[in-house]
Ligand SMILES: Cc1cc2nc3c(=O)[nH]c(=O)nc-3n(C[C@H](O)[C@H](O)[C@H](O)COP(=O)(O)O)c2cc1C
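Single chain ahead, written as C-alpha cells, the form predicted on its own.
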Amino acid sequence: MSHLSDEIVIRGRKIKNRIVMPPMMCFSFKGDNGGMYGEQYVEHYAKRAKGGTGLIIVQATPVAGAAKQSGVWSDEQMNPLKKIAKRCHDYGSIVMMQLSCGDVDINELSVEQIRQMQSDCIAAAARAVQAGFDGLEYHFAHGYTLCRFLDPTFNKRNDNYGGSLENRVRFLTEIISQIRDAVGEDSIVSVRMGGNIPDLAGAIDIAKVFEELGIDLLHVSFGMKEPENDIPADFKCSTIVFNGSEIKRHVTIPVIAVSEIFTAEQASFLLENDYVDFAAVGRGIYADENWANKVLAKEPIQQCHNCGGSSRKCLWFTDHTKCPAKKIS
C-alpha cells in the first residue's frame, strides 16, 4: 500500500509525494517578447510548487526548431523556462517538460520529415535538461502526431513506420538511445500515452514496449478518442484512470493516473489500493494552488466545480480569471 505523502525516487530524483500537476495549456497567459513563455508562467508553476505538488509537468512545448535552437528553443526564449525550473526546485518540486510534435497527419509525412521531428525531439530533450528540468515527457496521447503513429486505426503507412507494433513504435525506438545520451543517466524520460490504442489490450502491448525501451514513467490518459470500455461499479474514478490502473498491472515502472481526479478521497483510493503510483490532479490544482499541502494536512480544499463536465469546457483554460472556484486578482 502506498500513500499520497510517500516519497519515490526515479533516476535518483526524489519526488516528495505522489501528487502530480499534469501538463495543461494556459490559453490566457502570454509569453514575454513574443515568446511562448513569460513571467505569468513562472509564477503559475511556482505557486503550485509552493503549494506542495511533488511532480510538476510543464505544458506541451513544441519540439519544432529545437535542433536549430530557434523559436522557443533560442537562448532568449529559454530564460523563462530556466526560471520555471529554478522556482519549482526552490520549493522542493521535481519539474519536467512535456514535448510535443504538434498536430499533423502522420500518413502524409515523408521519411525526411520524420527524421527532422526525431532530431528535434532529441535536441528539445537536451535543451530542457540544460534549462534545469529534471526530465521530459513525450506526448504520445490525445490524438496528436505521435499518438497517431501508435494507433493502427489511424496509422495507414506502408513503410517502416506503419503496420506492425514494432513499426508503429519505431519513431521512438530509433532515437531512444540518443535521447538518453543527450539527457544523461539521471534525467527522467516519460511518455504520456493513451490507455486505449485503439483499445486497452493494444495499449498494454505498447506500454510493455515502452518499458523495454527504458522509459522511466508512464502517464496514462486517452488515445485518439476517449475510451468507452466498461469499468467496475466500485471503481471511484473515470474510465481513463481505470485503464491506467490496468496498464500498471502489466509493467513494473511507475504509472501516473489522470482524468477528473478532484478530491483527496479519489487520489488516496488510487494509491492505497495500489492501482497506480501517482495521482495527477489538473483542474483541482488550478482551482487551488495549495491543493497538495491542504490534502496532505487533511485541510479543506477550494473545490473545482468541474464546470461543463469536461476539461474542454473548463473556464480556467480559456480565461483563468473566470474560474468560479477562486477569485484571481
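Predicted model, so just to flag it, every value in this text is computed and none were measured. The first residue of the shown sequence is 1; numbering continues from there.
There is another form of the same protein, the form predicted together with the named molecule; it is not shown, and what comes next is about it.
Asks: Tell me, which of A292, V63, L55, V281 has a heavy atom within 4.5 angstroms of the named molecule in the model of the complex?
Replies: Partner contact (heavy atom, 4.5 Å) among the options: V281.
Asks: I need to confirm a contact call. Of R148, R127, K248, H139, which residue comes within 4.5 Å of the named molecule in the model of the complex, counting heavy atoms only?
Replies: Answer to the contact question: H139.
Asks: Counting only non-hydrogen atoms, choose the one of 255-263, 227-235, 89-97, 161-169 that falls within 4.5 Å of the named molecule in the model of the complex.
Replies: Single hit among the candidates: 255-263.
Asks: Taking the named molecule as it sits in the model of the complex, is N243 in contact with it (heavy atom to heavy atom, 4.5 Å or less)?
Replies: Output for N243 is no: heavy atoms all beyond 4.5 Å of the named molecule.
Asks: Just checking whether Y275 would be counted as a contact of the named molecule in the model of the complex - the rule being heavy atoms within 4.5 angstroms.
Replies: Close contact is absent here: in the model of the complex, Y275 is far from the named molecule, nothing within 4.5 Å, heavy atoms only.
Asks: May I ask you to state whether S187 is within 4.5 Å of the named molecule in the model of the complex, using heavy atom distances?
Replies: Although the named molecule is absent here, S187 would stay clear of it in the model of the complex, with no heavy atoms inside 4.5 Å.
Asks: Within a 4.5 Å heavy atom cut-off, is N196 in contact with the named molecule in the model of the complex?
Replies: No - in the model of the complex, heavy atoms of N196 and the named molecule never come within 4.5 Å of each other.
Asks: Which of the residues spanning 220-234 lie within 4.5 Å of the named molecule in the model of the complex, based on heavy atoms?
Replies: The stretch 220-234, when checked against the named molecule in the model of the complex, contributes only S221 at the 4.5 Å heavy-atom cut-off.
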